[in-house]
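Read the single chain below, which is given as structure tokens and is the form predicted on its own.
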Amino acid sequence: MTVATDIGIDLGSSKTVIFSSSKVILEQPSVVTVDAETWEPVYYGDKAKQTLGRTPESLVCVHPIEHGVIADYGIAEMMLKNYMQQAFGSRVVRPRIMATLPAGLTELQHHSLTNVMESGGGRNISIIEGPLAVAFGLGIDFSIPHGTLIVDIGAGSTDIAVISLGGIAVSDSFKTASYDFDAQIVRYVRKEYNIEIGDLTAEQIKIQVGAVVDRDIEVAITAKGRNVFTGLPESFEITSSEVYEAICETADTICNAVRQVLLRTDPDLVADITQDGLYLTGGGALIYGMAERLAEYTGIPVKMLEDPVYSVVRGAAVALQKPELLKNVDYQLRSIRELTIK
């Protein structure tokens, strides 16, 4: 049976999200564990993520998406095909796909993402910048010349765009993002405690006690790692104020990236943004105090979206169903061959 479906896909550095029929159909980490010799996939998604830092020499963990762009085309293609099969089953799937990518990427990067989507299966493919997709999902009135600022802090990139009349006036994609918080935590623990921790442990510390402003109530977490001198396992306790010290510089880098985009923005559009506030989204926006720090740094009110993790892919699905919104966007629905997912 042939199935025609409209879907939005956010192929992110941290996770891949497939959205259709007004709900998230699939959400999996963008990680693949492959055989070190043949490079054939062994695990995908959650299973692959659990092997990070735990693989034998015969296996390698691959992140096919880095800083929001495709770093390993072959692995990305196989990963998306697997996720499409999980989402829609082993049958002929011919969906219209609206995929997202960071703002300001090259035509070659557009083409590369489109080819991966083609291999995943679909009838028509369109590529849209993430911040623009967020704006569509917000239902912003694109019929008037009015500036709207979207800040999307993802795992591998921070996308910042000023939107007016349904198009992007000024934008940039910065490589400093949520993964950098994890990296700074790893460095801090090594420096202060002489303990090596893995990326998964750093991520848990960030989620549970991370903060980019001082918390009213101090919280702490006990974690485990390897002593850099003895090589033996060791436990340690780290507080939210310590994590704040570790990652505040990265938070300021993100804030400064927003300032850099504003410096290139027409003063009238900046006036609109100052009046309305900026929209903050993305998984990195969930770290404690990010909205507060950004508002203090820029002097602009910050509106945190209710569903920051899924706002991009949800907006992509809206854009697909309402093509009239895309009249001021340079995009193209691309006819492709039917693909049987096996």
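In this text, all values refer to a predicted model and were calculated from it rather than measured experimentally. From 1 onward, residues are counted along the sequence shown.
Keep in mind the form predicted in complex with a small molecule is missing from the figure; the text below concerns it.
For the residues 155, 149, 135, 117, the 4.5 Å heavy atom test against the small molecule in the predicted bound form is passed only by 155. When the small molecule is considered in the predicted bound form, only one residue from 179, 188, 88, 244 comes within 4.5 Å through any heavy atom, namely 179. Put simply, residue 283 is close to the small molecule in the predicted bound form: some heavy atom of it is within 4.5 Å. Not displayed here, the small molecule is kept clear of residue 183 by more than 4.5 Å at the level of heavy atoms in the predicted bound form. The small molecule is not shown here, but in the predicted bound form it comes within 4.5 Å of a heavy atom of residue 14. Contact annotation: residue 71 falls outside 4.5 Å of the small molecule in the predicted bound form, judged by heavy atom distances. Partner contact region in the predicted bound form: 203-211, out of 162-170, 203-211, 229-237, 75-83, criterion any non-hydrogen atom within 4.5 Å of the small molecule. Taken together, the three residues 9, 25 and 129 all stay farther than 4.5 Å from the small molecule in the predicted bound form, as judged by their closest heavy atom.
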